[in-house]
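Shown here is one chain on its own, the form predicted on its own, set out as structure tokens.
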């Protein structure tokens, strides 16, 4: 039995199935982005009825604001500190979890649990761990290291402390991506290399790393975007302090928009954040494509 339909009917059903998802994306994605861009050109304050057009005034004010400049610096430092360590640790864990080890299912689950645990819950737990009477200082004192600081109220330690939390919670998530890539590598490559006398390090360096280049590209891109947008850990653990030493661009957007009700300034900073993410992603795609690694 043959089933035939006209091209007009095919287009009708195609538009019908695509229409509803596109409508949702337009309402909840495209329109908010366009509206935020428009708002960035106004002095948009919820407490003031008048919302005058200021053009590029909000953008000029941002680059004169020391807190915004510090937020940009903190975001870049945070990203450059987290992404390389997170990527290498995820690949290493995936390589270990791809071996024939007793209880491998338990270890895979244990490494992945932080990724599916609420970030608010893990942040609250780490607030206690990093406090003066917390677990970290107790462990350091046990091994003979005199440490009596509150890691989240010290300007020199607050950002690295949050970075460690981010690495711990996301490495298991990206481990799964690497694990899927590792399991797609033909075992004949490893067998041939072992016959030629390659050890585990050579297998990892010359076969594993090159064969998971597309996965590495995906992990790095997603890590970069996630780090540039980090907010919930900052909000729960430090509120951008002390002295804005942990204020990131996302937290800066939140502060101006929902604390000071300066939506125009918040929208302008959000636009700059979006442009920064787009620029970094475009540079990576051009100069570090999947076949580069």
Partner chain sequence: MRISYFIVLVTLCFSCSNEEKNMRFSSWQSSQTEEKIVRETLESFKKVYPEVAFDYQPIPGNYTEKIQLMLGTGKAPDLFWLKGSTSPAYMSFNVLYPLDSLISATPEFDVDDFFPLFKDAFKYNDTYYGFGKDFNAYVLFYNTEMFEEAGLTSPPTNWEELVTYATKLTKDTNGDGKTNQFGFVVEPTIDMLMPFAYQNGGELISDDNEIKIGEPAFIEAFDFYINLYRTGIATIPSNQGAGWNGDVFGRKQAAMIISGAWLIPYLKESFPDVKYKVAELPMGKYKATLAFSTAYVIPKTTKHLDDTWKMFSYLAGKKGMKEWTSSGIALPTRKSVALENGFYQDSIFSVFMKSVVYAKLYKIDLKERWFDESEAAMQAVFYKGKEPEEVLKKLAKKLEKYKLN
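Given the structure is predicted, the values throughout are model-derived calculations rather than measurements. Numbering follows the first chain given and starts at 1.
Not on display, but discussed next: the form predicted in complex with the partner chain.
inquiry  = Is residue 45 near the partner chain? Define near as a heavy atom within 4.5 Å, in the predicted complex.
reply    = Heavy-atom contact with the partner chain at 4.5 Å: present for residue 45.
ask   = Hey, in the predicted complex, does residue 233 get a heavy atom within 4.5 angstroms of the partner chain?
value = Taking the distances in the predicted complex, the answer for residue 233 is no, it never comes within 4.5 Å of the partner chain.
inquiry  = Residue-level contact is defined here as any heavy atom of the residue lying within 4.5 Å of the partner chain in the predicted complex; does residue 155 satisfy this criterion?
reply    = Residue 155: yes, in contact with the partner chain in the predicted complex.
task = Check whether residue 263 has any heavy atom within 4.5 Å of a heavy atom of the partner chain in the predicted complex, and answer yes or no.
result = It does: once the partner chain is placed as it appears in the predicted complex, residue 263 has a heavy atom within 4.5 Å of it.
ask   = Any chance all of 244, 255 and 258 sit within 4.5 Å of the partner chain in the predicted complex, going by non-hydrogen atoms?
value = Judged in the predicted complex, 244, 255 and 258 all sit within 4.5 Å of the partner chain.
Residues of stretch 52-83 in contact with the partner chain in the predicted complex (4.5 Å, non-hydrogen atom) = Residues within 4.5 Å: 65, 66, 67, 70.
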